[in-house]
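Form predicted on its own, single chain, as structure tokens, below.
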């Protein structure tokens, strides 16, 4: 699935996580600092345990069938670039150019660039930003941050194009920018494999290319800005293990082959893989669409009377699942009259409201507010090409973020945050 070259290059980043063995288990080394390192230590702990044994047959069968090990083994886990240390409250506040919503962006000091002209002030630099989904609240926020960063630099021109979830269209956009000799390209790829060839063509033409959030299959890509997918799925598993020791689970997953699905779902299964009481009862791909998650959950509710857990790889999926559960009047229909535990990723404001109201149980934040990092990274790659600065790292990991719960909890050393404490939620406010 992945080349041996890429495996070797990425596996080295995983060794940055420092662990010590204690009576056959693992604890995070004492020198680890902050939630980023704590979560990296837990990732290593559960990854090692899953490699040694996964006793739950239902979990292990799905884990093997979908090849999660191949994806997890090459997904980078390690330190932040350039010694960056993130703390809650950091970042700039601005109005999104596209959404027109107020945004508090957490990582505007990461891979920093001063406001004003960049590189050669007498030259205008053309950068293309291609993604999918102006009509998706997470994705429009991603575009907001990219456009905001470009606007801080008067000699940067940015063209933003929505490829509308069409891999072929995204490839054509990139090829057009190559033909027009753009200075740099930033992309949000929906799936890994289809975007490798067009990225390679741009790199071969001498144009730096940076991906944000999801990966491409290109080994030549200039930089990858990778979010905390592993910490997302891990924390969904940690929370579930804290509140339940068994039950039937329905999975609402993103598109098969996407980084978001393979890493989040795989990490979740690693954590619960040795808890024998859990059973995968339903397994659906809802491709980030609320309506598809609504339908899959409605189908599962009709088929099964004893659902205990709704696992969702995104906020849109979680809201669709919640809508279906509420419409069926099944929120408190888990065995013994207990509430169905709803697990989510992506910290949209409407998801946080449902946590406050006690309907969704936890969310593992996955901020879309990282497009600015991609723009700064590609500018620095352009500068390196011109001999004006050093190139940024090929792997730019964004900080692991702690899960959000209605009330504060401490789960395996991770202190959760409450919705009121979290300033970075995206999307429109909900009353």
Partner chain sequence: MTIAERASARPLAVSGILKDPILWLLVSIVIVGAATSPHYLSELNIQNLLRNAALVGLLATGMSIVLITGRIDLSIAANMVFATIIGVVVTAWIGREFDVRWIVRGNTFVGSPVVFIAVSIMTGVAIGIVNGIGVAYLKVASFIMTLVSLTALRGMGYLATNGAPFYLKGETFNWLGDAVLLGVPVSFALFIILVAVTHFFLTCTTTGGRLYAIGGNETATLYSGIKTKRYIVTAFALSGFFATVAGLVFTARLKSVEAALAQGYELTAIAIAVIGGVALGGGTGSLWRVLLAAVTFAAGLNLLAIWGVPTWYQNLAIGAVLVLAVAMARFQYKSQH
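Residue numbers count along the first chain shown, from 1. From a predicted model like this one, the values you see are computed outputs, not experimental measurements.
Form predicted in complex with the partner chain: not shown, discussed below.
Think of it this way: in the model of the complex, the partner chain has a heavy atom of just one of 353, 220, 338, 201 within 4.5 Å, and the residue is 201. Between the partner chain and the residues 330, 104, 136, 191, the one pair within 4.5 Å by heavy atoms in the model of the complex involves 191.
Contact with the partner chain in the model of the complex holds for all three of 71, 167 and 257, each having a heavy atom within 4.5 Å. Proximity of residue 277 to the partner chain in the model of the complex falls outside the 4.5 Å heavy atom cutoff.
Taking the partner from elsewhere, residue 283 is found to have every heavy atom lying beyond 4.5 Å of the partner chain in the model of the complex.
Although the partner is absent here, residue 87 lies well away from the partner chain in the model of the complex, with no heavy atom inside 4.5 Å. For the chain shown alone, residue 245 is not a contact residue for the partner chain in the model of the complex, no non-hydrogen atom being within 4.5 angstroms. Checking 191-199, 116-124, 318-326, 78-86 against the partner chain in the model of the complex, the stretch whose residues place heavy atoms within 4.5 Å of it is 191-199. Heavy atoms closer than or equal to 4.5 Å to the partner chain in the model of the complex belong, across 151-176, to the residues 159, 161, 162, 164, 166, 167, 168, 169, 172, 175, 176, ordered by sequence position.
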